[in-house]
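The chain that follows stands alone, in the form predicted on its own, written as structure tokens.
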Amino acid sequence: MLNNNKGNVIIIGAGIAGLSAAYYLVNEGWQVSILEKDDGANNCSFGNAGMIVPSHFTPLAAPGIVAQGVKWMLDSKSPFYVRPSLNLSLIDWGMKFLKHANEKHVERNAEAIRDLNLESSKLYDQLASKEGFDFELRQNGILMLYKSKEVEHEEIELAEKASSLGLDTQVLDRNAVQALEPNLRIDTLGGVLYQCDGIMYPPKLMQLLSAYLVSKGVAFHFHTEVQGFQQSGHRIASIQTNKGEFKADEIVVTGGASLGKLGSKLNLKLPLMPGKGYSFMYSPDSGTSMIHAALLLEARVAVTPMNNQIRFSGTMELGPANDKIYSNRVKGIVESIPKYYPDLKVEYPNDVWFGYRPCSPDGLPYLGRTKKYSNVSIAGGGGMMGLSLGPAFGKSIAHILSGQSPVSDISGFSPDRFQ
């Protein structure tokens, strides 16, 4: 166990943001404890698409998404759905989303999102180079596949913007796409290869990180739910939970889709809506292998080879959280696959996973210290980029707590921006 020479930190949440923060903090000499309301074995960091995406420099709140979303809402199998509700937080979130869905917002934040993702990608490379950290990292790019002229035009424009931001992109016709996948027939008009992107196997990453942290003396407290905070001046003096009181010099709040509720207990406005997504694993026939992960653009489905299988994931279902699997949402994913991969005979899966992406209304994460308290930092709200941004979240938090500059410019991600 490391000797405590910097102080003790409590991290709330054992998703990728929490584990990454713990990793960098414990290696800098902090004594770390993690509070997790569940068992830590199946949060959103386990079942996602496993993608590292510097290509995703455009926030969710972007021009055109509102009009497209309205069309999609008329189809129960569509990639995007807002579940009708009189929930006041959903209405408030929606109004803020509409305010930010414009080109100016995208332009203002593209470089900061790119830089945080690129930093995270480098940190994943460093982690994978360490002994005992084989989580199937493959930095061989992700294909953006399209079947329509309209989406082709949009995607080529986006690729040009990506290139102007220094990202490695290649626009490919259908033959060039097929050449990248010699063992799998692809039916597509063309695609863009983002060589800057990568993939991994999320469950393995989470298990290896957790085991490493335990070996370094990090204390995990599972089934420990935060009920409130005790304030003393400008500090949080203690955390009240169902398992008693916890005290620390520094508190880092992650919490995934629960971040908004945790923020309210701190009297912080961190508007967040859980975006439900589904995924399932598929075992292809022998002789069929996939080399590159892909995004099926019209269908908004992610396709990731991992653990000798293929994971399909998709849909964005906004609204109050629930434990129901809406079969039409899953059918939408299943029915889209043969349109792009005619030889993959995918049936409705027996085992469907679902999780909640923590979606902020402006599509930007919450990262940094809050001015309200001298010892509270926030790291979350990564939306569809949560796994991708995890290490950069963690490294940024470690730098902030140690009085160093963050790993990149995170001023636009301030957790105080909606106060």
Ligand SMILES: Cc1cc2nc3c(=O)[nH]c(=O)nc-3n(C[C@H](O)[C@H](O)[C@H](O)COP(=O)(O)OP(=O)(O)OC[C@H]3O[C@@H](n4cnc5c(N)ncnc54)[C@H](O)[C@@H]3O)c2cc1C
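Predicted model only: the values in this text are computed from it and were never measured. Residues carry their position along the shown sequence, with the first being 1.
Same protein, other form: the form predicted together with the named molecule, not shown, and the subject of what follows.
Only one segment in the set 320-328, 101-109, 274-282, 147-155 has residues whose heavy atoms sit within 4.5 Å of the named molecule in the model of the complex; it is 274-282.
Checked against the named molecule in the model of the complex, the candidates S313, S336, T169, S210 yield a single residue with a heavy atom inside 4.5 Å, and that residue is S313.
For the options I12, V407, A398, V9, the residue carrying a heavy atom within 4.5 angstroms of the named molecule in the model of the complex is I12. In the model of the complex, the named molecule stays beyond 4.5 Å of every heavy atom belonging to D92. In the model of the complex, the named molecule sits within 4.5 Å of a heavy atom of G256. Of the heavy atoms in C196, none are within 4.5 Å of the named molecule in the model of the complex. Contact annotation for L364: none of its heavy atoms lies within 4.5 Å of the named molecule in the model of the complex. Taking a 4.5 Å heavy atom cutoff to the named molecule in the model of the complex, the contacting residues in 14-52 are A14, G15, I16, A17, G18, L35, E36, K37, D38, N43, C44, S45, N48, A49, G50, M51.
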